[in-house]
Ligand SMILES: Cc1cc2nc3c(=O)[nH]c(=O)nc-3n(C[C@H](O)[C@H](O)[C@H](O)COP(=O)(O)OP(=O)(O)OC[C@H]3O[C@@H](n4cnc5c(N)ncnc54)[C@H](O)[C@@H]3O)c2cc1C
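One chain follows as structure tokens, the form predicted on its own.
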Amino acid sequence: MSDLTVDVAVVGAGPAGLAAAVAAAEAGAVVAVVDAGTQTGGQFWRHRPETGDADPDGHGHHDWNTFLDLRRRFRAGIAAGRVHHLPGLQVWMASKNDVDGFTLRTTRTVVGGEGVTPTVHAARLVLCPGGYDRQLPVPGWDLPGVMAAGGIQAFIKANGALPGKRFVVAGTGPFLLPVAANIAEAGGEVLAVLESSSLSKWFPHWKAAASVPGKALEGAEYAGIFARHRIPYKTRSIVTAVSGTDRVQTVSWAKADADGRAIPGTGGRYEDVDVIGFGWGFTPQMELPLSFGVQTRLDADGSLVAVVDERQESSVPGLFLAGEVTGVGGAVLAVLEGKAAGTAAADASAVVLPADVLPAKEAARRDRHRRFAQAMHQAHPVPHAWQEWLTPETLVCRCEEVPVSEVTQARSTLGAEDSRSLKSFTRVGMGWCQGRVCGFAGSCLGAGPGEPAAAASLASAAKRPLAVPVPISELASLND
């Protein structure tokens, strides 16, 4: 397959993308779904390989029945010829013209595969690329054994095994809870969960929390697991350093004040640690949306996200967005946004009204989850004073081994206050990950202590001519 022309192309097959593809196909459109994974589900519903007659039982997953229903309908769309599933592929460049609509050029997730990768042409496009764990540097975070919290969870879900025996989970937000629970249920020992925020920050947002009672039930479930496995949950607590010879061995921690500053004389050390997982919320994958020049804004958690209308359509006509790229809010919200985006994108005349893309009950549920997401971001912010944890030797960019001292010097002496300037003067964000790990932290350091990252700096860190690494053979084979 070299070229595929469809009504609607969907990028991503996680909660948002799966829902968008199903909604568009069931509304009568011919759909192509390009996904980096080899099977549907994305990061949230990542599971063991679907081989033979065995099917994952959903243990450790939430909303598993929702996934099973979407997967059944997705497969029905494939059988009916309305859905073309293109797994194991990533979009490295996307473009739009007024005549042909959208063009997606793809490359294989794993280099070395055989055959020509398809180019997808679509009248309308739905982007659901998801996100990844936001990371903040801490002394020693470049040691082997330091992982993203989501990376630990993905390892367990995909392999049914643990990357170590003794764990510390640290950062902020409700996502730390399922990660620690998954570790414990898989047989690992969680020495502590260190939450930088205080649960009292939820008090001003109790109405938003109460409007989504399912979240409280999830919290009660995790509380039971924590009690059963005797997992310490410490609020207003931060990691001050990670140390070891050739891998993580010791994690030092301290109690923190309201701004996230370590309180002298508090805390202690955890010894014989195999893995520490950090999670400071999520960073939306904005490479593809930004390549189209969509309108953006800063969300309550400091993330750069895209602006959409009630139909999930962006400022670029025919381009719809759903999931983390419009604001991190969880799988339930992503599914509802995906359904709205897919329904709207399926309409060739583009006259679908907001009231038509979701029934009133589902629209109200979507709005409640959006309010809950905003409350969550405000109750679990990135600590205001996190830059005070750092030493001059702490690496900001692990790929290029750029320390904090070089970044602060470039800011103070060369006026490098944004990610683009910092990349030019210090090589921050110029390595293998292209700023996906250090982009947020670098933008904050450029802004200065206690200052939020600027939208323009975050956009610069995420804007790439090639959205993902692509073999030079792919470029050489282009005939236009």
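All residue numbers are counted from 1 along the displayed sequence. Owing to the predicted nature of the structure, the values given are computational and were not obtained by experimental measurement.
Beyond the structure shown, there is the form predicted in complex with the named molecule, which is absent from this document and is the topic of what follows.
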Looking at heavy atoms inside 4.5 Å, which stretch does the named molecule contact in the model of the complex, given the options 64 to 72, 426 to 434, 410 to 418, 41 to 49?
41 to 49
From the list C438, C444, A29, V34, which entry has a heavy atom within 4.5 Å of the named molecule in the model of the complex?
V34
Students should find that, of G131, G267, G260, G173, the residue having a non-hydrogen atom no more than 4.5 angstroms from the named molecule in the model of the complex is G131
Answer with yes or no whether G323 is in contact with the named molecule in the model of the complex, where contact means some heavy atom within 4.5 Å.
yes
Taking any heavy atom pair closer than or equal to 4.5 Å as contact, tell me whether G101 reaches the named molecule in the model of the complex.
no
Contact label in the model of the complex: V179 to the named molecule, heavy atom within 4.5 Å:
yes
R236 near the named molecule in the model of the complex, any heavy atom under 4.5 Å?
no
Is every one of G14, A149 and G330 within 4.5 Å of the named molecule in the model of the complex, counting heavy atoms?
yes
Within 210 to 235, which residues come within 4.5 Å of the named molecule in the model of the complex, counting heavy atoms only?
K215, E218, Y222
